[in-house]
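Okay, here we've got a single chain as structure tokens, the form predicted on its own, with questions on binding and movement later.
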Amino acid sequence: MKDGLPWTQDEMMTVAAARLLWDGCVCFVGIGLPSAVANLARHLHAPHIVLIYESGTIGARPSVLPLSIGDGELAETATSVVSLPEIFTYWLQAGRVDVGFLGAAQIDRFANLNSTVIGAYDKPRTRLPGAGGAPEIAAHARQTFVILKQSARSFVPALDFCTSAGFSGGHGERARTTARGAGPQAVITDFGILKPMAGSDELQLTGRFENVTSQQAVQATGWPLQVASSLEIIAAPSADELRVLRDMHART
């Protein structure tokens, strides 16, 4: 509970992201928040969602949240376990992944992501986990969703390093490349949801959580964030959504 609310901003963010996934969706899942989101959706409204992890597990149904892509819980509960090259070649690059769910340390106005370094590459202030399969997921999934907390440190005018391309320089630049997927179609934060604008591909705020203002989201962004003229007010988590999410974390 925070500020008198029966839920936290992290819980609101996770629930709002889970609502975007649908039953039967094939989702390539990143560890951390993306994994919590995908498994929450599986427990709530998408029992037939197909979760794919980079370690080669297809149809994983973990009872606890995995600590890494090598967590034994994933292999033990998966429908199938295949080699990493098969995951990327026959599933991702073949166009069989509906949603790639990614996290990042930095994002820019065109949804390009940094998960490599903070600071100069040769002398970074912080060395991050790195690319992993994220660049391939960003290029080949039919669409990608991104989840991260919003602040001027994470929503930056220029990335310290571009790990995964979103819309590159915007204005149709991605569409002129060989990237097969549609790119980032939703960025979920602890303030609301951002989506790309038609034509420019620049992210704009399209929905805010009911306990925050659009101005707060603008102030937490390192570029002049555009706000949609028709702004959706995203409903707070229901009691059932909170119960399932908290039970999942308690088991973990």
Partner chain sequence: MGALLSLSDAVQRHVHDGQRIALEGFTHLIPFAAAHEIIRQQRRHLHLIRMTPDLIYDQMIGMGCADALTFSWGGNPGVGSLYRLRDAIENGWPQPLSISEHTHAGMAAAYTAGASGLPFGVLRGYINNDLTGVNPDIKSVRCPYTGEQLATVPALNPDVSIIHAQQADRAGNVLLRGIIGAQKEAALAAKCLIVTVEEVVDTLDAHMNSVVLPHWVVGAVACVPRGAYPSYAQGYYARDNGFYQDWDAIGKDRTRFTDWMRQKVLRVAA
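Numbering follows the first chain given and starts at 1. All values reported here derive from a predicted model rather than from experimental measurement.
What comes next is about the form predicted together with its partner chain, which is not displayed.
Asks: Honest question, do Thr79, Gly133 and Ala165 all end up within 4.5 Å of its partner chain in the predicted complex by heavy atom distance?
Replies: Per the other structure, all of Thr79, Gly133 and Ala165 touch its partner chain.
Asks: To test your reading of this chain, name the stretch in 215-223, 49-57, 34-42, 196-204 whose heavy atoms come within 4.5 Å of its partner chain in the predicted complex.
Replies: One stretch meets the cut-off, namely 49-57.
Asks: Among Ala182, Leu84, Ala158, Ala152, which has at least one heavy atom within 4.5 Å of its partner chain in the predicted complex?
Replies: Residue within 4.5 Å of the partner: Leu84.
Asks: Verify the contact flag for Ile69: yes if a non-hydrogen atom of it lies within 4.5 Å of a non-hydrogen atom of its partner chain in the predicted complex, no if not.
Replies: Contact with its partner chain, yes.
Asks: Phe110 versus its partner chain, in the predicted complex: is there a non-hydrogen atom within 4.5 Å?
Replies: Taking the distances in the predicted complex, the answer for Phe110 is no, it never comes within 4.5 Å of its partner chain.
Asks: Taking its partner chain as it sits in the predicted complex, is Pro124 near enough to touch it, meaning that at least one heavy atom pair lies within 4.5 angstroms?
Replies: It does: once its partner chain is placed as it appears in the predicted complex, Pro124 has a heavy atom within 4.5 Å of it.
Asks: Does Ala186 make contact with its partner chain in the predicted complex, using a 4.5 Å heavy atom cut-off?
Replies: Result no; Ala186 lies far from its partner chain in the predicted complex.
Asks: Even though the chain is shown alone, can you say which residues of 91-121 have a heavy atom within 4.5 Å of its partner chain in the predicted complex?
Replies: Trp91, Gln93, Ala94, Arg96, Thr116, Tyr121 sit within 4.5 Å of the partner.
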